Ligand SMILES: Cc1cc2nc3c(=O)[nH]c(=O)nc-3n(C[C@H](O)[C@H](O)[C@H](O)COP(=O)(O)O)c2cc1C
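A lone chain, given as structure tokens: the form predicted on its own.
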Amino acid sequence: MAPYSPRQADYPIDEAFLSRWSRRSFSGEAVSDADLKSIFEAARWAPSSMNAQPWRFLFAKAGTPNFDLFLQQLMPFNQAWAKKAGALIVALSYVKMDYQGQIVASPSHAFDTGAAWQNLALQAHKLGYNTRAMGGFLRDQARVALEVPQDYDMQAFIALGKAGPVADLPADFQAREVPTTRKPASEFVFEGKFPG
């Protein structure tokens, strides 16, 4: 029997948008190289302004020295559960772009990288993995530790892996390990001018 989900769409959408949610409970099971390649291939096909494709992803698989390095860049409350992910990923965006032969500021680098992250998350879900993006990381420390150049913005860390027992989470996370709902579209979609 599928677990209870409070998610109900008001209009017809693909089931994947409702069944994918950001778990913290991971099993620690390894992510295969083949699955990682498929997950990053999906990110590759995201749309981007001027086809600039500003996204970059760094990753570390569980059980490797790089995994421990990535884990150390997270805030302690995220380390507490992310340590059981099968892989940790860093989403970066290049803040510049080539426009007609000139390197200029990219106004949409974060937006485009968000599209790549969504593709990644949905492909991971299709393959039976869970993902959770995190803004709770030590930005300055992580930039130095991972040798990220200044012309790349660090957007998020992402935990990837198979679902694990909720009971294995630290106690303060267990009650929160449920799919969340969303605001109705009527609260953020408006025809015409921005509402006053």
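In this text, residue numbers run from 1 along the sequence as written. All values reported here derive from a predicted model rather than from experimental measurement.
From this point on, the text means the form predicted in complex with the ligand, which you will not see here.
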property	result
is_contact(K162, the ligand) in the predicted bound form, heavy atom dist at most 4.5 Å	no
Partner contact for G28 in the predicted bound form: the ligand, 4.5 angstroms, heavy atom	no
Non-hydrogen atom contact Y94 with the ligand in the predicted bound form at 4.5 angstroms	no
Heavy atom of A62 within 4.5 Å of the ligand in the predicted bound form	no
Which of 30-38, 63-71, 142-150, 127-135 sits within 4.5 Å of the ligand in the predicted bound form, heavy atom basis	127-135
Sequence-ordered residues of 103-121 touching the ligand in the predicted bound form, heavy atom within 4.5 Å	W117
